[in-house]
Every structure is written in structure tokens, then in C-alpha cells.
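First comes one chain, alone, set out as C-alpha cells in the form predicted alone.
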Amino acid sequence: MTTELDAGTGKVAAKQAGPAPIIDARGLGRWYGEVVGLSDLTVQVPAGITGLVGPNGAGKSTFMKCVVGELRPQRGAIRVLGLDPFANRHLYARMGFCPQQDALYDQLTAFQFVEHLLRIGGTPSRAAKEQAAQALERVHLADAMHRRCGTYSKGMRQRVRIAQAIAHSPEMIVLDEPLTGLDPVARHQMRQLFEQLAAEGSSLLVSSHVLHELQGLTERIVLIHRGRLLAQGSVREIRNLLSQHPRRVKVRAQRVRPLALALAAEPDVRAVRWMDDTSVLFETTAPQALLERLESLVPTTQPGILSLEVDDEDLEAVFDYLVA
């Protein structure tokens, strides 16, 4: 996959090459009265793990519901695994969906809940019991699977929703904010599970409004803002294409002022912001050149550098730039 910057719109777009995308959406529009959920969204998602990111209300959940066939777009077209997803039972057997909404049956145990959904999907009784147990073990609920869901914590309920999405070993798994409500240990466990599922051959579309949650899981991201595609590609590709935007370099030093005054005169420095007595933030179009110049100034200014931070690979910074 390659990306390019559209000179007319300023947006980063992906150009798909090689195998057909697992999701191919063209000009999707979906609205709720006067509220726009999606607006002319065009995006192609390849196999593997893809992160879907954007602020709350950006249209992530609406897009995912169109992908899994829960909603029909009012404009445009979408193909998933080569098929129209809306009300398509053949496709449902090949997909798993973990919705954002908490919709468990509290009177059932986690095992009964996952088994019940498998049976509804057409899995024979014996296989459904085996698959339900295996899925709950994979989300680390083996010891609690025979307790009623009504006794579960928020994080345990979230893991049940993930278990039902993966129980039938689907080709594609759609996970809407799957890490919400999980403690740090459970988040790490679920990220490991997602990587395992991808290694086993499943493709995953994982959404989050907390951008750093996806940065360690996948380099391939799709950013949605106000129901439209904002950018698509890897963090590095998008960052390299946005060279006209300044990048941030934060310097902490015991004596930061002489160093900051010297670096402020550099031609590629757009702005200098004092954070506090020991920290200064530079905005520059050439961070590497700034760092090299900083290194050369150390012997004469003797700043006593405490730390250096460059936002090149930070997804939050990329998103901020694009939205602005």
C-alpha cells in the first residue's frame, strides 16, 4: 500500500495495490435526521490489522455497523469480503463483531451467552460448547465462565463481548472500542490476543478514540473525522507526507534559555514556546537538522540536557496536525 497527499484537499489518501481489499467503501453516506454519521466516505481496507481512529462522534461506529451489515448506507456502496454486507447471512458466518454497546444477557453465564450466539449462527451443539469454552479461555475468563454475566465487572463484560466475536474463528473481526473498561493487564492481554488472531489468518478492524492504544498494535491506520476519511496509511508515511507542517521538539535542560535563544535563530524553526523554566518546545520543519545543531551547541552553552522528545512517530501529534 502507498499513500499520497492530495494537493487540492490537503488530505492523505491511500492507493491500493496487490490483493483486493477486504473492505471497499465508496462514497458512503449515512445520517440520523439532521445528524450526519458518514459523509461521502471512501476507503479501502486491506487484510491484516487496521486501526480505525478518530474523536468521539467521528463516524467510527456508524462505519463499522455498515461493515457488519447492521446498517445500510443511504448513499454510496460497500463490499466486505467481496459481498454486500447488509442482511447477508452468508457473510455473517465469516465475520465477528464486538459492538461498543453493553448488550449481555445478565441472567446467563458467559459460557451460555457465547454458546447461545454460536447456536443461533448455525453451529451444532457440541461444537458450540467447545468453541464457547475455547473463546472464553482466550480472553482469560476460564475461571469465571460459568458465573452469570450480571455479576461481572465492566472489564469482564467487555471480554465476553470479545469472546463472542472470535468464537467461530471468523475471517474478519470488527471490534468497536474493544479496550474500553479494561485494566492495564487486560489491555495488554487483549492486544496480544489480537496479534495472535492476525497471525492465525484473521483480519481485524479495531477502533479507538484513544490513539496510543492502537499505535503499538498496528502501523496501518485509517483516520475519520466528521464522517469523512481524513487520512490513511502508516504513521510514518503520513508524517513524511506532511513535511510542510512543523514538527515538535521538546527540550528539557537545567539551563535551557541560552540554548533556546541560539536555536531560535535557525532558519527552519517556526516557533519557540516556553513550557517552564527548564522546558522549551520548538516547532520546526527540519527536526534532524535542529537536533544536529543542538548537539553542536552543547559544548558552548553547557545546558545540562535532561531530555529530548520528537513527535515524529507520535500518532496523537499526527492527528492534531491533520484535524487542524
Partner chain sequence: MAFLTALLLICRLELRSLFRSVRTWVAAGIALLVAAIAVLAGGAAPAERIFSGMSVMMLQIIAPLVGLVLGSVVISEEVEARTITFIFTRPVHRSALFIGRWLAVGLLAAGLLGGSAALTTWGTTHALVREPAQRTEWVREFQRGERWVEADRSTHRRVLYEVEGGDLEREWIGWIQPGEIYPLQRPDKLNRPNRIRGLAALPVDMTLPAGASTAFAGAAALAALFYTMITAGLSIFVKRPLIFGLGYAFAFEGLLANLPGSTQALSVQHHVRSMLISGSPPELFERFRLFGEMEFFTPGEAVLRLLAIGGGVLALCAWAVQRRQFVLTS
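Residue numbers count along the first chain shown, from 1. Because the structure is a prediction, the values reported are computed rather than measured.
Although it is not shown, the form predicted together with the partner chain is what the next lines describe.
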{"item": "Interface residue in the predicted bound form among L193, M145, L217, L117, criterion: non-hydrogen atom within 4.5 angstroms of the partner chain", "value": "L117"}
{"item": "Option touching the partner chain, based on a heavy atom within 4.5 Å in the predicted bound form, out of V185, A103, A77, A199", "value": "A103"}
{"item": "Region of this chain that lies against the partner chain in the predicted bound form, out of 219-227, 136-144, 199-207, 119-127 [heavy atom, 4.5 Å]", "value": "119-127"}
{"item": "Residue contact check: V68 to the partner chain in the predicted bound form, 4.5 Å heavy atom", "value": "yes"}
{"item": "Non-hydrogen atom contact R236 with the partner chain in the predicted bound form at 4.5 angstroms", "value": "no"}
{"item": "Contact label in the predicted bound form: T151 to the partner chain, heavy atom within 4.5 Å", "value": "no"}
{"item": "Heavy atom of P99 within 4.5 Å of the partner chain in the predicted bound form", "value": "yes"}
{"item": "Residues from 30-53 in contact with the partner chain (non-hydrogen atom within 4.5 Å) in the predicted bound form", "value": "R30, Y32"}
